Ligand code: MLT
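Here we start with a single chain on its own, the form predicted on its own, put down as structure tokens.
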Amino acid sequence: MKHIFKKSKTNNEITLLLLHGTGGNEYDLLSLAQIIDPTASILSVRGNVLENGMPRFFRRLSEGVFDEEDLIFRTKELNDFIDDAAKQYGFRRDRIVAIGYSNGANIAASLLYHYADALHGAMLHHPMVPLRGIELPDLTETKVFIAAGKHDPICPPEESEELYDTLKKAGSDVELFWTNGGHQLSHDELSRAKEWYAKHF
């Protein structure tokens, strides 16, 4: 998978896994990573799927309707890639904190749904429920921050609430933060995400 890796210049063992939204690329969230933790290593990945020329992490059938078979395949593909990257670059596989926006948040959530040890923590900005009808792994060691917009036309509030409830039931220490905006990243949620990260990591 196309990606950027930047090794920490300090002894920080955290690697921030950056996962862009539809139409983005591996450069999109670099500035956000600097806000959250400028001392962490960075693994920023570009999605392998193209939708009308726009990179994504998995296919969808229509707006808000995921291709579940492809989602499962791409989730494994990403998890395997992270395994290989940890060996290649020598970062700790058990200290990865994802920062995902929109489609990137959805694939990060899918990692949580499928693999107990995929992520040490996750910041999910405007995510949806990746899959329904599956049993989640034990996530008691995983901390999750969800940022959602009360007026998000793409991700209804009910999606964020269901995702929160599902992760909570799986044992995750999860926080749901609401903004008054829509689907765009807001200053408020980034400030809150930074506070949440500093508290937990």
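These numbers were taken from a predicted model, which means no experiment stands behind them. When you see a residue number, it is the position in the sequence shown, counting from 1.
A second form of this protein, the form predicted together with ligand MLT, is not displayed here; the remarks below concern that form.
Stretch 103 to 111 is the contacting one of 116 to 124, 90 to 98, 76 to 84, 103 to 111, since its residues have non-hydrogen atoms within 4.5 Å of ligand MLT in the model of the complex. Taking the partner from the other structure, ligand MLT in the model of the complex has no heavy atom within 4.5 Å of any heavy atom of F145. Taking non-hydrogen atoms only, H183 approaches ligand MLT to within 4.5 angstroms in the model of the complex. In the model of the complex, ligand MLT sits beyond 4.5 Å of every heavy atom of I35. None of the heavy atoms of P157 is located within 4.5 Å of ligand MLT in the model of the complex. Residues of 59 to 82 that come within 4.5 Å of ligand MLT in the model of the complex, judged by any heavy atom, are R60, E63, G64, F66 in sequence order.
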